[in-house]
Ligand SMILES: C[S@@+](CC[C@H](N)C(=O)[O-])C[C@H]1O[C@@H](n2cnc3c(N)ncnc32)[C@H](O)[C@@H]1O
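Quick setup: one chain, the form predicted alone, written in structure tokens, and binding and motion questions come after.
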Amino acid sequence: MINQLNQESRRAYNEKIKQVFSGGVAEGWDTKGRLIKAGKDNIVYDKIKKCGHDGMSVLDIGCATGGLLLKIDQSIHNCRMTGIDISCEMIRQAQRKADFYAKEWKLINHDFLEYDFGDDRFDMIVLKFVLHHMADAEETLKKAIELLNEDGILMVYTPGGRHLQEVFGAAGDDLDILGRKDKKQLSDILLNCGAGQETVEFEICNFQIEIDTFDKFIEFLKRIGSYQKIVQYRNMSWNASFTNQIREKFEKAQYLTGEYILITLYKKR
């Protein structure tokens, strides 16, 4: 993962991200979970229900097709919902959801770091399965914290260092090919964002993933953008040697370890 980019480089990086998360990835986003035989990997929604309140303002960064926006809007009353995503196709699908369910969401097709929110501030901001794809994690979190109201809550759900370790090994440094971060790395990023005075909770979500075949595993990685991340979001396939290495490890594994880390930051007055 690239942590520090100048503006020109970041725009080029984001253009590649935009292309990856349009087309086939966007079309298969809502059905990607069907490729997994077993595995519960999402503790975010329960946390939102616990921490949320009626009438709150919510920003979903990297909102994709609006699935999380819909869940929140259907269970917490009178929320002001905003979603932002760099992919125009993701936003189009989110708008179709909003229209079908008669929801009045503000949906923004833009790069989060470059978008001017004006005077808008939010009671809750969520980044779910997004941070490891961002060009600059520190700047992303810094801006998100600045956009919180006093007593606002930031939730970040991102792959931990042991995610898919049977195939890719454990994450070892900031340039991990999947963008995985362990608790210490995430804590350091938050400190660099100036969040040292905020109350922060870390929750580890460990689970097992069972996928029947290697082809389905590769398809799953493509649908979540991880396959493309390994080749730095370029329009190219893995080389044969790397593919064979991953296949061999996949076929030896009885199951795959899933690990996500949920960060909940409570902004002080």
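Just count from 1 along the sequence shown to find any residue number. None of the values given here were measured: they were computed from a predicted structure.
Just so it is clear, the following notes concern the form predicted in complex with the ligand, a form of the same protein that is not shown.
For the residues A64, I48, I209, V58, the 4.5 Å heavy atom test against the ligand in the model of the complex is passed only by A64. Of the listed positions (I125, M134, L141, A94), a single one reaches within 4.5 angstroms of the ligand by any non-hydrogen atom in the model of the complex, namely M134. Here the chain stands by itself, but in the model of the complex one stretch of 187 to 195, 162 to 170, 146 to 154, 84 to 92, 84 to 92, has heavy atoms within 4.5 Å of the ligand. Proximity of H110 to the ligand in the model of the complex: non-hydrogen atoms within 4.5 Å are present. Contact check for Y101: no non-hydrogen atom falls within 4.5 Å of the ligand in the model of the complex. Among heavy atoms of C79, none comes within 4.5 Å of the ligand in the model of the complex. Within 4.5 Å of some heavy atom of the ligand in the model of the complex lies at least one heavy atom of I224. For the three marked residues, F214, A253 and L256, no heavy atom of any sits within 4.5 Å of the ligand in the model of the complex.
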